[in-house]
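Only one chain is included here, represented as structure tokens and corresponding to the form predicted on its own.
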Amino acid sequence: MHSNVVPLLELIRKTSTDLPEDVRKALLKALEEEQKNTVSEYALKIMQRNIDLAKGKSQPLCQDTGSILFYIKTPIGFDQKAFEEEIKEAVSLATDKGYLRQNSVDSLTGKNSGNNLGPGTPTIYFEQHSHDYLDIRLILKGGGCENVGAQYSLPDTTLGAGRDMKGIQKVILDCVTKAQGRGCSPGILGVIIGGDRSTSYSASKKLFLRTIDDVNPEENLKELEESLLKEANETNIGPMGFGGKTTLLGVKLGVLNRLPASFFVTVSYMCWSYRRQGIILNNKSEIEKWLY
């Protein structure tokens, strides 16, 4: 076994079985504010029970452990190719131990690889930084919430949405409305304004590395995040689509430059099982810090 496989395996285990504290607090707040003796309150209580059991037994929070997305910052000159092989070894081992379900399927034959390895699985994003340690972050994104993401091209005449802030807000709320409970609400949105069709989807998922309670440094985006969260939670879609006060736990917005001919608004939807974790790994293959 390679030296970095053990901490990588622990990162996968913790991401799959133990929600970060900011997510726990947001779900607890939703439970406290929900109307008592309703189906929506009952759904939130089941989520809380599931969270406790998964952590206590080191078992996955959901039967769908989802797409495996690594975001890694490396020192200059770091051997990314060798580290990618260590990641794959850790993913295969985590699948064998049951921390990850067997989720990687050949799109043409339907054959399951059995170890979560294959073209595009896992997905690994590398970038360099000026430090001597590794910053490794992992998102496990389930298929149910992935299915209700959407991309809009403005202007959208069917929704009456123009190329302005009102139009942006209108299409994002349309995505929430169409999702209903199918994305396993209460959800979190990662939204990119601009970019092209591919870069905007990748960047929208990277927004899930933010914590639920952080504040956007851009004032206009901060105001739009707050407004969207308020309006979404007034739709009465609620937990799992059963009605109620909490349809979304958070909204995260980002902006990319675009071509003059194109104006995309790309929405990624994360379910309540918001599996996101990260570590600082030193050059001795030791976890120095948990990031969430």
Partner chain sequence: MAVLEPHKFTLPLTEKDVRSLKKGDLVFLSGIIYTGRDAVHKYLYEGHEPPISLENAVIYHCGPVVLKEDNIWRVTAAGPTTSIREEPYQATLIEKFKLKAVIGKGGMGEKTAKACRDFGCVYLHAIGGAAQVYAEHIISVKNVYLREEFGDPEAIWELEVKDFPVVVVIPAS
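Note that the structure is predicted; figures quoted are calculated from it, not measured. Residue numbers count along the first chain shown, from 1.
Beyond the structure shown, there is the form predicted together with its partner chain, which is absent from this document and is the topic of what follows.
Remark: none of the three candidate residues (Gly190, Arg197 and Val267) comes within 4.5 Å of its partner chain in the predicted complex, counting heavy atoms only. In the predicted complex, its partner chain sits within 4.5 Å of a heavy atom belonging to Arg49.
Contact annotation: Cys184 falls within 4.5 Å of its partner chain in the predicted complex, judged by heavy atom distances. A residue is said to contact a partner when one of its heavy atoms sits within 4.5 Å of a partner heavy atom; Lys230 fails this definition for its partner chain in the predicted complex, lying far away. Though the partner is left out of this view, Asn257 does not reach within 4.5 Å of its partner chain in the predicted complex, counting heavy atoms only.
Proximity to its partner chain in the predicted complex, taken as heavy atoms within 4.5 Å, picks out 240 to 248 from the listed stretches 66 to 74, 22 to 30, 222 to 230, 240 to 248.
Of the candidates Gln80, Ser92, Gln102, Thr123, Gln102 is the one whose heavy atoms come within 4.5 Å of its partner chain in the predicted complex; the others do not. Distance criterion of 4.5 Å from any heavy atom to its partner chain in the predicted complex singles out Asn147 from the list Thr157, Asn147, Ser130, Thr177. Taking its partner chain as positioned in the predicted complex, the residues of 53 to 78 that bring a heavy atom within 4.5 Å of it are, in sequence order, Leu53, Ala54, Lys57, Gln59, Pro60, Leu61, Cys62, Gln63.
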